[in-house]
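Listed next as structure tokens is one chain, alone, in the form predicted alone.
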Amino acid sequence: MTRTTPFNLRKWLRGRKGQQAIIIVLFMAVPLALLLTFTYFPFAEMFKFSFYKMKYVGEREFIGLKNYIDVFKRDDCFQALWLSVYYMCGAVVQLALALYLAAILSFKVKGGNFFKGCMFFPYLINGIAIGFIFKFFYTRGFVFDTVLQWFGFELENLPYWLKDTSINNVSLVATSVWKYFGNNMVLFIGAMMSVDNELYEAAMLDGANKWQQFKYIMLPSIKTIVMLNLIMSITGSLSAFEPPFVIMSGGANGTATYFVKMHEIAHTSQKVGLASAMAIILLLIIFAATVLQKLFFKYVFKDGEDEDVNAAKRREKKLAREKARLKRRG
């Protein structure tokens, strides 16, 4: 009959495994404490506030789901949410432009580093500064109108880029595309340069052209970065704030996005409960959009993955035939 040794906590703590456990716990404790204090606890409080009719200071009245119902009943909230479609379309254009330029600049191009720097530079500029730049840029008769007049356009025939409600949101979306597409492009280039060149060489042996190489090799290889950029772009589209707030002085002329409207309801109207409900609904929309994107990419890249398997089998058969032919010659 074996005799078990009693566990000595003090000895274990002084040992190597105990010291490692202490270090791991201490290193985890600080970030976890910060995360709980500044993220999860405020979120829990905001979720609780969404069930109350309340201001920042004063009495609170529990009203259940009324705030959530009011978000969809209020025309200004629904219209602000609908404006996110403009920014989503802009995000698609932004990613397509970034992917196209990244595919070109990932190869050796004369002056490629200069163009990369120029395109990435807007991302480094503060969003408030960009807002003031484009506020001056779109002003009637100033920079943009002057450039268009150089190409033969008459000033009288040009729209008011910030006052005309049929074009002002498109103008604001263009500022976001200009600011963020350089960052997407750099991420795409980094992912593309990590693709093994032997894959391209094997594809060329199979007779694949540049488009087929991009579709079946490059794009499936960087699908993680594509998905990440798309999720970040959609999230940014739903939470657009700086362009309408700075350029349009708080979302005038029908440019108030969901975030701008939530800011107005929370800080100007002091309807904290309603603003909290808007924030929770925005979180659910972002979560649903993320799930749909993952399902979409899983379906889109399915054919590409099957093609990779078939291409690998064809290469193996081709190499086997080549070896057999060389063996017969020998």
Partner chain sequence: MSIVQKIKHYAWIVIQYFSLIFFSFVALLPIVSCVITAFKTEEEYQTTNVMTMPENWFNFDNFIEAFQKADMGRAFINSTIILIFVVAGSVMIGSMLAYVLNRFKFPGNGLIRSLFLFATLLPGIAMQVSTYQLMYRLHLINSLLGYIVLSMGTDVIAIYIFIQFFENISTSLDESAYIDGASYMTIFFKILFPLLKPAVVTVMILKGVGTYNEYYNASLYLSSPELKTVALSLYTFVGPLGSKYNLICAGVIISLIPALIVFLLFQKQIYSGLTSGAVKG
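Each form is matched to the other, and the largest set of C-alpha atoms that superpose within 1.5 Å is called the rigid core. As the structure is a computational prediction, the values presented were derived from the model and not from experiment. Positions refer to the first chain, counted from 1.
Heads up, the form predicted in complex with the partner chain isn't pictured, but that's what we're talking about next.
Here is the short version: of Y86, F259, W161, Y200, the single residue with a heavy atom within 4.5 Å of the partner chain in the model of the complex is F259. Of the residues L99, V195, L219, L187, just one reaches the partner chain in the model of the complex with a heavy atom at 4.5 Å or closer; this is L187.
In the model of the complex, at least one heavy atom of M28 sits within 4.5 Å of a heavy atom of the partner chain. Among heavy atoms of N113, some come within 4.5 Å of the partner chain in the model of the complex. Under a 4.5 angstroms non-hydrogen atom cutoff, the partner chain in the model of the complex lacks S166 among its neighbouring residues. Contact annotation: F49 falls within 4.5 Å of the partner chain in the model of the complex, judged by heavy atom distances. Of all the residues from 19 to 35, those having a non-hydrogen atom no more than 4.5 Å from the partner chain in the model of the complex are Q19, Q20, I23, I24, L26, F27, M28, V30, P31, L32, L34, L35. Relative to the superposed core, A208 undergoes a Cα shift of 2 Å or more between the shown form and the other one.
M232 is among the residues whose C-alpha shifts by 2 Å or more between the shown form and the other one once the rigid core is aligned.
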